[in-house]
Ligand SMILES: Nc1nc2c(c(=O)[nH]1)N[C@H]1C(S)=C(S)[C@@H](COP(=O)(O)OP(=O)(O)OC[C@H]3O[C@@H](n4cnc5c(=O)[nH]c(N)nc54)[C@H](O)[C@@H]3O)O[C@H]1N2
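Presented below, as structure tokens, is a lone chain in the form predicted on its own.
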């Protein structure tokens, strides 16, 4: 008997289990084990989730070789025994009827036909070599959504060809945020010490709407201990269950609120003098500038009362240094506005004024481990490309490790890029204006997508190469930093279900051989993983067995950290920012787009069961979206009443770029004048039969414009009109 429960039978089983548990008969785990043992042999093994970039630890149990359960790994610092909804849902990819099961090639009529791996490699290799001969290796590029093996193999492959054009999804995710943090602190991110915090302020971020289970647990623990949790967001998001305060704010104006708080801290002498005088540079210039950013000035921009701004500043000062502004992520300002980079610097500046860097309950800069040097005879080093990465000169503040992937779009348009590879990336649907991506990719001589399903980006490709799913492949070690250091491993817990799929290491090695650079891949992924693990004092066998291994204690200690900036201090002013042509002193930058009369701000964000666009076609997750109407556009009650719109009505949304129809959710959990749209919907790929046509895609509506000097997509710089669809 095969076990492939539908959502209905799963819910029935859950209800039955609840009855048993209530009667004290057995636990859910015990009931599951009894059911499985009665039907077949059980085998469990550790691996890593692929529901998002967190890569939480999981334990998968199979019954006679077929997946039975997945659960969070207790020892992993991100999961701590729990998997989120996305983690459970993405395990279904292995058996999904929407999977790519063999290589595909675009034929003359625009449709796709099967092709053998050998022929696909040979044809792609020939086209790559033709492009290199005619335009040089700098005419090639790859965009990848970083995964343990993917981030290694994609860069090595492109560099072996002689191209530096390696990009991630960051320009559509967190590029501006991390670039700004780097210019202030020398690190690209930081964490909050929730175990000891007295007060934390979230700028738009919601742990309750998609983040690591451990982060939710940490926040819940802080709230249970009485920490003040402030949510600054146009929407009362699902982290509200832990919050003491909701501060509804005009989208894209968080920077004004932060500068208003800074003004109070400086002008009322509430800041940490010792930190500023001993561990920071540029404070006099910052203080002179921030004197103009009064709470009253901030109120006029962000629509938060001056009295609220003053109270927040005074409360933070009273809690200091056991408090922090949380670093946030994509939807809030990670890549959303013209001022996203500067907003991140302002977050860091407030934490500096509070003296919270490195302190108990404050903002922590921790370290991360990495693999050591490997035997060059076995793992030959790839020569550095001769030409710089496209876009680096125009966007000098973009992180060196990510680049600005929109340079690929522009490069296709002007001929600088002629061959594009995508790995685990749906740039067409989720990165920026889809119509512009389609137009640009149509001009390239070669487009190749490596994915598990036929995404919108795959539809614009010449070749689509199918990767096996996350539970069917071994990947390179994932190094995990923090107060403690770990290394974890994604290991196969299922036999490869479709024999014509391959893991990315085999795909890139095959491409490299066909392109004439196979000499840089004379090793297997097992050999490379074992060598990397040996360099940090463990082995492939040990980590494969355990799933995760704790490494040498980094000996974390509270105290002011060493800032890895050019000045080795916290930077209220940055020479690099000034050289790029921006104000070197942390200060105010406004948002780009302001709604006209009758228009609304449009903001987007994640839901806890989905990850970008990639999970929408999975049966159970799609069913949940449909049953609860999760694709709906949120509208404030007062706005709905003024437009004669009721909950459940269909409305038409219109911007300068697109028009679309969607059902509306009328709610008190949204600031008037603002609309919220979840960003997982609006699929157009006919291969994704469950996802196609459900909801609308926010990126269709946003004009394509990039944040100056950083290159992020400014994904929420848009204003829209809304009207009720009659009949």
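Numbering follows the first chain given and starts at 1. Every value quoted in this text rests on a predicted model; they were computed, and no experiment measured them.
The same protein also exists as the form predicted together with the named molecule; that form is not shown, yet it is the one meant from here on.
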Query raised in the report: So which of 477, 260, 234, 180 gets a non-hydrogen atom within 4.5 Å of the named molecule in the predicted complex?
Result: 234
Report task. Using heavy atoms only and a 4.5 Å cut-off, determine which of 94, 489, 139, 203 is in contact with the named molecule in the predicted complex. Result -> 203
Requested in this report: Select, from the options 153-161, 382-390, 479-487, 423-431, the stretch whose residues sit within 4.5 angstroms of the named molecule in the predicted complex by heavy atom distance.
Outcome: 423-431
Query - residue 350 within 4.5 Å of the named molecule in the predicted complex, heavy atoms - result: no
Requested in this report: Would you please decide whether residue 659 lies within 4.5 angstroms of the named molecule in the predicted complex, comparing each non-hydrogen atom pair?
Outcome: no
Query raised in the report: Would residue 455 count as a contact of the named molecule in the predicted complex, using a 4.5 angstroms cut-off between non-hydrogen atoms?
Result: yes
Report task. Although the named molecule is absent from this view, report whether residue 99 comes within 4.5 Å of it in the predicted complex, heavy atoms only. Result -> no
**Report entry** Triplet 459, 463 and 685 all within 4.5 Å of the named molecule in the predicted complex via a heavy atom
**Finding:** no
Query raised in the report: For the stretch 163-180, which residues lie within 4.5 Å of the named molecule in the predicted complex by non-hydrogen atom distance?
Result: 169, 172, 173
